[in-house]
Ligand code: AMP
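Below, in structure tokens: the form predicted on its own, a single chain.
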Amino acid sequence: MEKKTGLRRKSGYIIACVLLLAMLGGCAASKEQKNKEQISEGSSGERTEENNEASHDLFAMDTYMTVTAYGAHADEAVEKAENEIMRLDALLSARDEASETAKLNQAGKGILSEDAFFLLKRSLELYEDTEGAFDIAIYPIMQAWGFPTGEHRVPQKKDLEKLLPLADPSQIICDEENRNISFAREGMEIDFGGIAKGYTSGRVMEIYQECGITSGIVNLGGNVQVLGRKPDQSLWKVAVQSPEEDGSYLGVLSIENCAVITSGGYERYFEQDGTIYHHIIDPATGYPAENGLVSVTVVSEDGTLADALSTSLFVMGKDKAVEYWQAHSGEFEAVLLDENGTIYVTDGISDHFESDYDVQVVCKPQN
């Protein structure tokens, strides 16, 4: 965090200012929202029943959100999407004492709803698949650092060593038939914060489709997912924010029918005694991950997967992240920024990513 990334610009290329002004005719994020991505989502022309736009800003899951849909049933779709977001927030929030997650944490056991149980099962699968990089049982360690409450502190090493055995999702016992969950170790707690927004954006897409919407977007505090194309049939454009404090962007992705989710240490952090500590904790150490990456953007049709992997790849570091993508290239694409300022883009989206910086394309290994 204390290092400048030293991004190397291509000569003569400037990100189109149109992108930053392209909210015209579309939904814009709340002025108070600090987004990871800015979205170009407008459409010009006479308003008809087919391109009717409905958009709403709300605050949920500790962030500002915007849901936008186009079409004859856009108003209905946006209203249902907002209701679903609020329902899932109340269900999954680890900080809301009335939520299923909080009650499970308090009691060490409980019966989960279909949504929460699905997310728990998916999280356990990803824990295994990422070799522990994705860990919903990290919550006691997150609390030790004060990230959930904002009361930041650097915990003692001995305290972290006591908590590390609790950050072990393999100790979560699941009765799949009854959706009954229990923890094998006293003091274990879980948090869906690394996957809930991606799941929620996917649910919004499902609601849009159920309402007959073919063009829509949801921005959950920078977690962006789009349905179809813009009403004018052009691709949606998502600008991936640079960690630099000058408001610049790493590049612009042109997308349809997918999620774009970014994780970076610059998003949430604090400084103590001249050292900066960010919120992405390495489950293996209990300390903020320091594996050479500054930000990770994941692009996938599966919002749940994109959300989880944006954190997991950050924890892995560049080399392991690339290896993971090479083994799962049919499921997602990625943009990686390392601490030396090098941007790596997987070749599945290299033709859809424009940048005024030097970019290295990551390819699958030759057979």
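Predicted model only: the values in this text are computed from it and were never measured. The first residue of the sequence shown is number 1, and the count goes up from there.
The same protein also exists as the form predicted in complex with ligand AMP; that form is not shown, yet it is the one meant from here on.
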- Message: Can you tell me which of 154-162, 98-106, 277-285, 74-82 lies within 4.5 Å of ligand AMP in the predicted complex, counting heavy atoms only?
- Response: 277-285
- Note on the structure: Partner-free chain; cross-checking ligand AMP in the predicted complex, the single residue of Leu220, Leu119, Ala133, Val204 with a heavy atom within 4.5 Å is Ala133
- Query: Between the options Ile213, Cys258, Val240, Ile138, which residue brings a heavy atom to within 4.5 Å of ligand AMP in the predicted complex?
  - Reply: Ile138
- Query: Is there a non-hydrogen atom of Thr200 within 4.5 angstroms of a non-hydrogen atom of ligand AMP in the predicted complex?
  - Reply: no
- Item | ligand AMP contact in the predicted complex: Val315, any heavy atom under 4.5 Å | yes
- Report yes if any heavy atom of Thr297 sits within 4.5 Å of a heavy atom of ligand AMP in the predicted complex; otherwise report no. no
- Message: in the predicted complex, does Leu112 come within 4.5 Å of ligand AMP, counting heavy atoms only?
- Response: no
- Task: Sequence order please: the residues of 286-320 with a heavy atom within 4.5 Å of ligand AMP in the predicted complex.
- Result: Asp307, Ser310, Thr311, Val315
